[in-house]
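Next up: just one chain, as structure tokens, the form predicted on its own.
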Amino acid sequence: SAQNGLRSLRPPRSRRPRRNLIKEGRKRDTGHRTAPLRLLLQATNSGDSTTSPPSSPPSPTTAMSRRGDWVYENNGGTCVAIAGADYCVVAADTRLSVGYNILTREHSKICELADKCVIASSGFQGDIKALQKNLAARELLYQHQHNKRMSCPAMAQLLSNTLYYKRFFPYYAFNVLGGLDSEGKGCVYSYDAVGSYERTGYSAQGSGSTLIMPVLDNQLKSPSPLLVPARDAVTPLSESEAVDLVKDVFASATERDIYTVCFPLSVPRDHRLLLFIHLPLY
């Protein structure tokens, strides 16, 4: 019949026992199944972390710290600025150090940016130098375009914009900007690392700032910038009294901060009533 003809065309079935086929299949499957287990045991024994659950990629700063090429370094130092009715005193030490090592004792942290404006910075000296060069170049362009030097409030805004522009990979620099405004009054601007700033009567930055600020708060008591109506944030001290106070706060910070060691010197008088005090360290 037709059904018998179809059966005859089919290939002959294997005559091996079913029990043997099952045993061979188990052997083959066992070999494939144990291979991942062997790899897992080898990775565990070798201490490989590839078997850990997937996680988010590390941040750039974390990756740099793992590789050992961390780009930031704190070179210490302290900067102080006091604004008066017709003067501004900006002081900084001259020690450059890393940890317990002193690199130099004659490094100035004060840079003159404009005719009546200076900046004092503490932190990583590589970023500080890059920031000062950037500001000097911008001030030179302003001078060529407007045929005049940049004022201290304008430089304060420029510094804020520059720091905020680098907020995702910021300059490791903590700055104090001091000078005289258009009315001849002393002005001091205090900054954080990403450009937030305010005008105050006095400020301190650096490794010894936590020791110096309480003394300045006690002696000067500058009015809060949140008062309405606003008050002038200048200090009531005379020029000589402010200079003596700066020397005293540096001497007090020396007792507790190894990165701020000063030796008092006479302060040269400036014709613009803008005093620069460089306190050498020994």
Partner chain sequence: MVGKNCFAIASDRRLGVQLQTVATDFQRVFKIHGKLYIGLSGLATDAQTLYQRLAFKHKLYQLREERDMKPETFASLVSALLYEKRFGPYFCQPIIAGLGEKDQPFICTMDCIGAKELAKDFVVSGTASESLYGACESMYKPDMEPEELFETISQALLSSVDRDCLSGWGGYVLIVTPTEVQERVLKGRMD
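Bear in mind that the values here come from a model prediction, so they are computed numbers and not experimental data. Residue numbers count along the first chain shown, from 1.
This next part talks about the form predicted together with the partner chain, which is not shown.
For the options Ser182, Thr210, Gln157, Thr104, the one in contact with the partner chain in the model of the complex, meaning a heavy atom within 4.5 Å, is Thr210.
Using a 4.5 angstroms limit between non-hydrogen atoms, Ser240 is distant from the partner chain in the model of the complex.
Contact check for Arg231: no non-hydrogen atom falls within 4.5 Å of the partner chain in the model of the complex. When contacts are judged by a 4.5 Å heavy atom cut-off, Pro214 counts as touching the partner chain in the model of the complex.
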